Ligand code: HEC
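The form predicted alone is given below as one chain in structure tokens.
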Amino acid sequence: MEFLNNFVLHQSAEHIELLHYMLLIVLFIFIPFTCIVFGGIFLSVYYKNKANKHNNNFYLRLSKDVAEITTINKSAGFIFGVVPLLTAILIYSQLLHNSEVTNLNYLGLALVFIIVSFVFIYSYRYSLSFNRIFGSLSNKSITDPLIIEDVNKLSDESNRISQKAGIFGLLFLFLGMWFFITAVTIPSIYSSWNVESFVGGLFFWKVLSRFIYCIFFALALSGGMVLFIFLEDEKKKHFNDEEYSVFVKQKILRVTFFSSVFIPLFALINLFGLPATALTGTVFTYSIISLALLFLGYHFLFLLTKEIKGTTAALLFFTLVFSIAAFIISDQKAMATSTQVHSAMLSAEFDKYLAELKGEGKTIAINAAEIYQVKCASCHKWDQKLVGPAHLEVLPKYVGKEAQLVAFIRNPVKVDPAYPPMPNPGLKPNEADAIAKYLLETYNEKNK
């Protein structure tokens, strides 16, 4: 996926901020939908396996209903799954252009696995309808033993193919979500991502904790959706089977409850796993909102154990949706904070590019030492702390990274909590370039 870097456009600070908002909207669509599909197919395959073992028609019927409710239709898989992921890949290629770490390879594999998984999942979903047709045929009063034998063979073959399609779809979606979670974890902990191996990134503990959080939330969210839609259908009298209705409510309510119990634990692990440079008041605020909504969902779950109502199930489902939305906002705020230096560098490159287009880059020689005395010397010294840290203390991390130093000079951000934030010196692109070269050259001379 590195070829996308050839198509990246220069981005100003305003464009970068807009890209963050666009990415937020894309993730609002993609993550809840993918979680619902994964949780629904997991439950559907599980209940289908139970139906085969116990020869229980209720389990088979529930398997079909869960798959139909959570996958919606095959168009939804493309619109809410594939298109948002493609959009996210394009946005990340812009935001992490020329960065030291990239998530495009993980995103590319996530796209491949998720597309393949949707092919299997929707094959599985529609094959369940054929299974039901064969089942109804075998139950009819057919007297010809040859016809009965043929129908049973077709039913068994369809059942076997359906089961395989569901398992393969679940497996590929599991892997696709794993690659995707790894990809979105990288920007959030950009400043502390030190995994050199591609495979090692998948098993990084911060990735695994987020992935487990996502799996539990997927089961809770799909359970909440099934209860909501099922009770709406029951209220509209689309079916009338009291025994099956009780069976569904008991099974789905149990899954929703037990899967949601572990979500707060992994949400807190994810929060405190963020690097200090990514933690802000906004990140904490949205994390608290996510947990508060989750605990409100527990309240609705408790009410459903007392009396199962469609309104309560709807409140449960939408509370869970808003909870994961708040978590996504928190994660994206952490990403924006963690990558702010890199974003500043991209913005500086845009300013330089724009200045060259305007002809402003062709200026007379700049006296960097004079600019330094006017703009920098009042707050910085080379060998001792003043208002800001000593140059000899901070410049080593910029050796060989002049563009990053230029970006910081043009758009300074608070890095060390021991010092106040550096004010923007208001330098032009060519002046910032001159100052960065002056600082690095002087540093090299002092360390000879």
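In this text, rigid core is short for the largest set of C-alphas that superpose within 1.5 Å between two forms. Worth saying up front: this structure is predicted, and the values here are computed from it rather than measured. Numbers for residues come from their place in the sequence shown, where the first is 1.
Beyond the structure shown, there is the form predicted in complex with heme C (HEC), which is absent from this document and is the topic of what follows.
Heme C (HEC) is not drawn, but in the model of the complex it has a heavy atom within 4.5 Å of His380. Contact check for Lys414: a heavy atom falls within 4.5 Å of heme C (HEC) in the model of the complex.
For Lys74, no non-hydrogen atom is located within 4.5 Å of heme C (HEC) in the model of the complex, even though that partner is not displayed. For Cys376, a non-hydrogen atom is located within 4.5 Å of heme C (HEC) in the model of the complex, even though that partner is not displayed. Annotated contact segment (heavy atom within 4.5 Å of heme C (HEC) in the model of the complex): 385-393, selected among 30-38, 385-393, 65-73, 44-52. Contact here is defined as any heavy atom lying within 4.5 Å of heme C (HEC) in the model of the complex, and by that definition each of Phe408, Pro420 and Leu439 is a contact residue.
After superposing the rigid core, the Cα of Lys375 is displaced by 2 Å or more between this form and the one not shown.
For Ala407, the Cα coordinates differ by 2 angstroms or more between this form and the one not shown after the core has been superposed.
After superposition on the rigid core, the Cα of Lys50 moves by less than 2 Å between this form and the one not shown.
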